[in-house]
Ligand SMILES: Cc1cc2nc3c(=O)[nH]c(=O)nc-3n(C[C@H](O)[C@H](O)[C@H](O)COP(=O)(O)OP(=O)(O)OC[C@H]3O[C@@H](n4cnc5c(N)ncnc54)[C@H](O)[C@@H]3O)c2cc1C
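Okay, here we've got a single chain as structure tokens, the form predicted on its own, with questions on binding and movement later.
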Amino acid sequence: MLSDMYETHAYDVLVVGAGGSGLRAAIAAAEGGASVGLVCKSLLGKAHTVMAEGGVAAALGNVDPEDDWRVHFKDTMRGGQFINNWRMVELLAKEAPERVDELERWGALFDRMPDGRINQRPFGAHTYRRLCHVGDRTGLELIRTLQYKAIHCGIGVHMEVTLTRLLLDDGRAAGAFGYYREDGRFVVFKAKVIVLATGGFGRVYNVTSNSWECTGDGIALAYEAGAQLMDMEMVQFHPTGMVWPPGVRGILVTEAVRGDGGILLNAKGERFMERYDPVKKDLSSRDVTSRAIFLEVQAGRGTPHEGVYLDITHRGPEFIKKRLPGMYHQFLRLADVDITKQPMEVGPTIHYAMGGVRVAAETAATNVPGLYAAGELACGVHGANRLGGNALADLLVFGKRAGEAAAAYARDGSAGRIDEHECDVEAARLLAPFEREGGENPYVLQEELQSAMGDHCGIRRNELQLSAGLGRVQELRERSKRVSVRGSRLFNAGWHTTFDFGNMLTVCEAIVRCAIERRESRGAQWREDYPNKDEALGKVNLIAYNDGGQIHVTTAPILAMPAELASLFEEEAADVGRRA
């Protein structure tokens, strides 16, 4: 029996990932009557969601009564350059306010207005003040609230587990195989339904705000199981990461700094964003702001450490320490900079993946029966560029929807069969690196891959660079077959890196192949050899899929927006015309 060979656990719904989307999915599935298991690569509460510092976007209209879901919908579609899934954006805009109210009922402590209502701050490319916040640690408060709610729902939690393969029965999800990171014990999870919520893949780049867990594991697992990936070329550079000292390069400097009045200055002291976006200036969208900083540095107007300055000293020490306590302590402790007296030195850092697993708007279902995906792992809401604050709204809205749909699927179906032979084959694959001597070092390979992505698939791209990058990824894939590790399975970080690197290779190849195929500049995809938008490419999403072990890229048409939503943009154009 399988249980005689491996530790086994059985649930109706297995949620993989314990960030905001995973926790919200687990809560919804448990409330739907399902038994729920939650597996996470790190510790419960240690999720990249905490890096979403500035707030959650929800059109409550507390500060600006003119705001409503329609304006939020338009802002998000415009920010995504209209390759978003319009139905997902509609659901996000309509349901985010209720998800925020729900968090408040569960104990989340938001910053308040004098009348007691939740306060809201401005953020890049949002028309109105829309972000509900807790200082500059909103993601942390969200995780705290969801974690306490989840553990009181009676879910089973399995921490520090790496899953290496999804197990299928006749094409539908049946479970997952993996190991405990502490001692390498193999474990099998049986489940009627699997919800993937493992976050993004920022660690495939060498300069990133992402934590060590973000190696694209869920995307690679889904791809190997037959799920489609979408718009993988759309990788967001956050314009403001720390650039000095080197040990903290890439760590996020929240957009809330600019939302609360911070201004960007080049080395000459010029407020340069006026040249790139005369209307929104420092609160322009992230793609525009990142490109602007890149161009300022390229033009020789950068700071000593190849960044720009972000200055909020004019707001005064009391305001800064109250509104941005995390940033104040972060710079003081890591860079010996007092941001109440000195400007911050910042530059673009890989922050978020707009691309990911293709899902159905209503249910977050993938094309693999019994497999769902939510949060940063999934694709559709953000299109070519994510607006700040929409990440937390996304994980709340679609985490809930994924959990509800998973529970309904589990009620209507039976558990699939786990193939013991498949488990044995996977166990042998995982042990193979121990049997090789003098092979490739996984740390070296990972570092080379990160450098290759930074060099060949960064902010500015062209065909020559991308083709060279694809060649490097393919070369590293061949070398990965010769990876060897020493020691035992006990606390073996090199062994863990081997499987992280394998997932990163899959993600990187999909990114580069999609970036090559999208021969235009749109949102996060900046092609210097194709500087303009292509009307035909604005009507499709790029789909990457597994064809006999090879990544192939095709297109899927974007469904036309219904008349009642399309009319929102027509009304806006008419208003602009009347004002002109």
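Bear in mind the structure is a predicted one, so any value in this text is a computation, not a measurement. The numbering used is simple: start at 1 and walk along the sequence shown.
What comes next is about the form predicted together with the named molecule, which is not displayed.
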May I ask you to state whether residue 39 is within 4.5 Å of the named molecule in the predicted bound form, using heavy atom distances? yes
Using 4.5 Å between non-hydrogen atoms, is residue 233 touching the named molecule in the predicted bound form? no
Do residue 130 and the named molecule come within 4.5 Å of each other in the predicted bound form, heavy atoms counted? no
Distance check, residue 541 to the named molecule in the predicted bound form, heavy atom within 4.5 Å: no
Contact check for 18, 199 and 209 against the named molecule in the predicted bound form, heavy atom at 4.5 Å: yes
Would you mind picking the one in 155, 344, 252, 108 that has a heavy atom within 4.5 Å of the named molecule in the predicted bound form? 252
Which residue among 380, 175, 389, 239 has a heavy atom within 4.5 angstroms of the named molecule in the predicted bound form? 389
One stretch from 162-170, 258-266, 273-281, 310-318 that, in the predicted bound form, holds residues within 4.5 Å of the named molecule by heavy atom: 162-170
Residue by residue through 37-66, which ones have a non-hydrogen atom no more than 4.5 angstroms from the named molecule in the predicted bound form? 39, 40, 41, 42, 47, 48, 49, 51, 52, 53, 54, 55
